[in-house]
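In structure tokens, the next block holds one chain alone, the form predicted on its own.
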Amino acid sequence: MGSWNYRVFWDEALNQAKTELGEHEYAMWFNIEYVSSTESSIVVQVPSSFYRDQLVRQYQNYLESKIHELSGKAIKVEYLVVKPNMAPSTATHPAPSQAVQAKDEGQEGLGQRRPSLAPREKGKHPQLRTDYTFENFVIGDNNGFAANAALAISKNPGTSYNPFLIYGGVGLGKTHLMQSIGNRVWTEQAKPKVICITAEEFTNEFIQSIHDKTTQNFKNKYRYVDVLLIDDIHFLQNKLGSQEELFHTFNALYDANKQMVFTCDRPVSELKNLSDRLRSRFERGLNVDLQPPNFETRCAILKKKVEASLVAVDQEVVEIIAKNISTNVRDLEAALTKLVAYSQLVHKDITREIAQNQLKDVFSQSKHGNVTIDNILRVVADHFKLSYSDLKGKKRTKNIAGPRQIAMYIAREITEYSTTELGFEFGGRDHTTVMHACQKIEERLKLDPNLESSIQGLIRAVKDISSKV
């Protein structure tokens, strides 16, 4: 029988597999190409020996049964391994007996997409922002170590600094840096499998897979990738099922030398209700923190944004913004965006006066936007001649408990932290402890007018320190 007839059977078998197995599973394992036929076999092309092993183990019988139903003949499926960097002439055609002997050939090409015999331009990755690249990331003293580590990882993913965990406050560039790795790998590597999601999306998808009874598809999707990027892993606190699944996914990828990158809003050691074994996995590789940018870096960030906006902004205006907004990159961008929009809508150049007038509310908020629990603790500790660790510690003596309650009350008044978050910041206490402390101080304020004056003085001191950061 001619090979063209076998191609018809193969294509129809794949069409049915796509319907029966679902989009995710099909996309993971059936990016394989028909090559040729013999009288009793169909030869298809796969990107690696590992990929071939998985097909033989999971789908060989399924495919051959499908083809038998369609053709009425017993036709075997054989595999031709063509690595992405191999020319077609160097590929070998293994005998059927060789198809199951792949363990000694390594796991190169793990989870890769269909190989191409000729280079072709890639499209945009569906989960990565095109503007989150190393070229758009401004490096300063606050993030130089993290940026250089990320760049090294993007050149040789899975070989060192694995896993890579970036932690820090809101708007400091954690997601940008993580996605820069993904974009660089996606652009420069030969058809890698890159997944970029948030921890919340991972959790929701895991729950859905349990509901739909498709957990094996879920496992296949995440355990056979080249680069796994997960944002905001602090969301996994208290999510025991998701933690368990990520633990096994982590082990599978780590053993296969596949790169993992995570972001978090705090050091992993400070996460609550996270299993010890998953915590140890996160801490196994390189953990780096991002700090708020200094004045020079803030100016550099704004200048790069100005160039992209194509709107003329004087250096003096850039410096005014950088001087008055020291919280994070996101706030800097928001301020500049407002000025650019004003300039375009009213057709006026951005002057010093316009900047100060349009951003006066932003500048006022930013003065207090740098308020941190650390600042509050240090100011209160100095005032009461205590140590920082006393206020965060477990001691409940009267000379410590009272100032601690005042610190909690101030934090609740001038920050946007929830009682749960404040409990965590104050030495891992329960949120009810914070609520009780605030109630106690409110009761004392009704009876002691001097306390009101003292607390307002402490608040002013905290804001003064925060505005100088």
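Here the structure is a predicted model, which means the values were calculated and not measured. The numbering used is simple: start at 1 and walk along the sequence shown.
The next section is about a form of this same protein that is not shown, the form predicted in complex with a small molecule.
The small molecule in the model of the complex comes within 4.5 Å of a heavy atom belonging to residue 170.
Though the partner is left out of this view, residue 301 does reach within 4.5 Å of the small molecule in the model of the complex, counting heavy atoms only. Shown alone here, residue 175 lies within 4.5 Å of the small molecule in the model of the complex, counting heavy atoms only.
When contacts are judged by a 4.5 Å heavy atom cut-off, residue 137 counts as touching the small molecule in the model of the complex. Checking 205, 333, 289, 390 for any heavy atom within 4.5 Å of the small molecule in the model of the complex turns up a single hit: 333. With the partner omitted here, the residue from 254, 132, 235, 342 that has a non-hydrogen atom within 4.5 angstroms of the small molecule in the model of the complex is 132. The candidate stretches are 325 to 333, 184 to 192, 375 to 383, 395 to 403, and the one lying within 4.5 Å of the small molecule in the model of the complex by heavy atoms is 325 to 333.
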